[in-house]
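For reference, the chain that follows is the form predicted alone, supplied as C-alpha cells.
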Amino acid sequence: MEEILARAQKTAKEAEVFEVTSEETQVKFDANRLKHMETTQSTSVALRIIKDGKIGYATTTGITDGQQLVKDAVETAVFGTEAKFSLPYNSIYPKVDIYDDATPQVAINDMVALGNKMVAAVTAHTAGILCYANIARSVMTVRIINSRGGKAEYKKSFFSLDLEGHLIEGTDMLFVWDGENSCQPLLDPKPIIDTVIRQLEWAKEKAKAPTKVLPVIFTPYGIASALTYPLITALNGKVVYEGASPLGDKVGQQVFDKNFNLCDDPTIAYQPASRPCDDEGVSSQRTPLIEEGVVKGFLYDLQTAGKAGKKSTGNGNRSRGSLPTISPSALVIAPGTATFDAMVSDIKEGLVIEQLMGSEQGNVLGGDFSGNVLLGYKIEKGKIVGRVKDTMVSGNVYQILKDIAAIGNEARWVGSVLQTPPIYCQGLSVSSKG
C-alpha cells in the first residue's frame, strides 16, 4: 500500500489507498442435506486520487506493485467528477469491539453440527418441508492510508446462521426463514429454530384477508421489507442536496410520531456493521436522524458533504470495486413499551406482515410502497388465526409513521444493518384476490 501511495503522490494532488483482505468459510445445506463446505480468500486494493481537481479511481485484486493501478487512476481522472473534498488527516478513532478470537476458531465440524441441528428440528416439526441452511464465519482486515497522513486499520470477525424452509403442497408455496449475525460465535441455534417453528405454527391454517383498510403489525423483517427503503433514500445526503428528498427542508420539524426514534450507530459492540471508521477513514459516530418524531439530520460521505457545505457523518461505504457512496451503517429504531401479544390482542381484524415482495417498486421518494405479502397472518378478535395468501398491501411511509398505534418493546437485528422492534400501524390498504 505504501508503494502504491508513493507512486500516486508523484502525479496527483491527493491520493488514498484502500485495501480489504478476507477469509470466509461456509457450510451450506440444500434440501435437508449437507451440500458443500468451502473456504475462500480474497484481497482487493483500490486507489482514489484527486488530479487537476477531478477524481480518478482504479482497483485490482491480489498483489500489485501499483504501477498499472496508478496509471489507470490517472487515466480515469481525465473524465472524473470534480472533487469537492479533501481526504481526512490522521484521526483518533473510537474503540469499537468487532473482533473475537473465538470466531475463526469454530471448527467446521461444529458448523456442520449447527446446520444439522436446525434442519433436524424443523423437519421433525413439519413433514415434507425442505430446509436450506447457511453457516458462515469470516475474518476481514481493512487498511486505509492517504497522502494527508490519514491512516486506519482494523480487523473484524463475522459469524452467521441462516435457515429457510420451503413447504410446497400443489400450487401452495410457503416460505419461512430466520437468521442471526454477530462478530462473535453463534453456537446456539434455538432462537432461530423457535422463530421458524412459530412461523410454521401460525401458517398451519389459511385465512382470508378482506379488501379494505386494516390495522397492520409489521414484524422486524416486515419493517425491513416495507418501510426502511423510502426512509433511507430520504435521509441520504446526496438526495437531500439534489433537492429530491421530502425531508430535505424538514430539519427541526416534527414529521413522525413522537414515539418514533431513528439513528445510525456503527459503534455498537460486536455487530457486523460496526467499525471504528468508514471506508474513507472518517471516524464512526452515532448520528441522530429522527428524535421524538423530529428530523435531526442526514447521512453524508466526503464528496456530498463537500458539495452541501456539511461534515461527513462517516457514511462513506464501498464494495470492493467501487467508489464510496452514502449508505447507513447500522440503523437503529428505538423500542417502545408494547408487547407483541398486547398489540395482537388489541386488533379486532388485521394483519401481521413478515415479508413483502416488490415493495421498492413504488414512488420511493414520495414514501409510497406496495407489495405482495410473501408471508403474513390474519388477526381476528385479538388472535392470529392463519396465513393469508394472494394479498397485497399499499401505503405511505410518512403517513404510517406519523400516527403509530404502538411500538414493540423488544428489538432485534435484521441482517446486520437494521435493529428494530415490531411496529403496530393504524391502517394500511389491503386488497385480496378473489
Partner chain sequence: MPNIEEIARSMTGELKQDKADYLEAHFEESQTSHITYRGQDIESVGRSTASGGNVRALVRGGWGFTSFNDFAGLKKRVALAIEQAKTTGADLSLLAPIESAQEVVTSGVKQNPVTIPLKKKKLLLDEYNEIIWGTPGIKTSDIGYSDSCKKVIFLNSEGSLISQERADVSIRLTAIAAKDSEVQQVGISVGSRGNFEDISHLQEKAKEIAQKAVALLDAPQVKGGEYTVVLDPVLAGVFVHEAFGHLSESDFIFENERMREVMVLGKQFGVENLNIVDSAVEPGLRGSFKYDDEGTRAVKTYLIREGKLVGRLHSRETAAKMNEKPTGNARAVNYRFPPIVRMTNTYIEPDKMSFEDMIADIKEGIYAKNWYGGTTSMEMFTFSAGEAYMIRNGKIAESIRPVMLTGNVFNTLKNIDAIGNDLDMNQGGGCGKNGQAPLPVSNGSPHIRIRHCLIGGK
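Here the structure is a predicted model, which is why all the values come from computation and not from measurement. Residue numbers count along the first chain shown, from 1.
We do not show the form predicted in complex with its partner chain, though everything after this point is about it.
S.K.: Is H166 close to its partner chain in the model of the complex, meaning a heavy atom pair under 4.5 Å apart or at it?
M.R.: Yes, H166 sits close enough to its partner chain in the model of the complex that at least one of its heavy atoms falls within 4.5 Å.
S.K.: Is K378 close enough to its partner chain in the model of the complex to count, meaning some heavy atom within 4.5 Å?
M.R.: Output for K378 is no: heavy atoms all beyond 4.5 Å of its partner chain.
S.K.: With a 4.5 Å heavy atom cut-off, would you call E201 a contact of its partner chain in the model of the complex?
M.R.: No, E201 is distant from the partner.
S.K.: May I ask you to state whether Y270 is within 4.5 Å of its partner chain in the model of the complex, using heavy atom distances?
M.R.: Because no heavy atom of Y270 falls inside 4.5 Å of its partner chain in the model of the complex, the answer is no.
S.K.: Looking at heavy atoms inside 4.5 Å, which stretch does its partner chain contact in the model of the complex, given the options 146-154, 185-193, 277-285, 77-85?
M.R.: In the other structure, the partner sits against 77-85.
S.K.: Within 4.5 Å, heavy atoms only, which of V239, L214, M111, L331 is in contact with its partner chain in the model of the complex?
M.R.: Among V239, L214, M111, L331, a heavy atom within 4.5 Å of its partner chain in the model of the complex occurs only for V239.
S.K.: Quick one: which residues from 170-199 get a non-hydrogen atom within 4.5 Å of its partner chain in the model of the complex?
M.R.: The stretch 170-199, when checked against its partner chain in the model of the complex, contributes G170, T171, D172, M173, F175 at the 4.5 Å heavy-atom cut-off.
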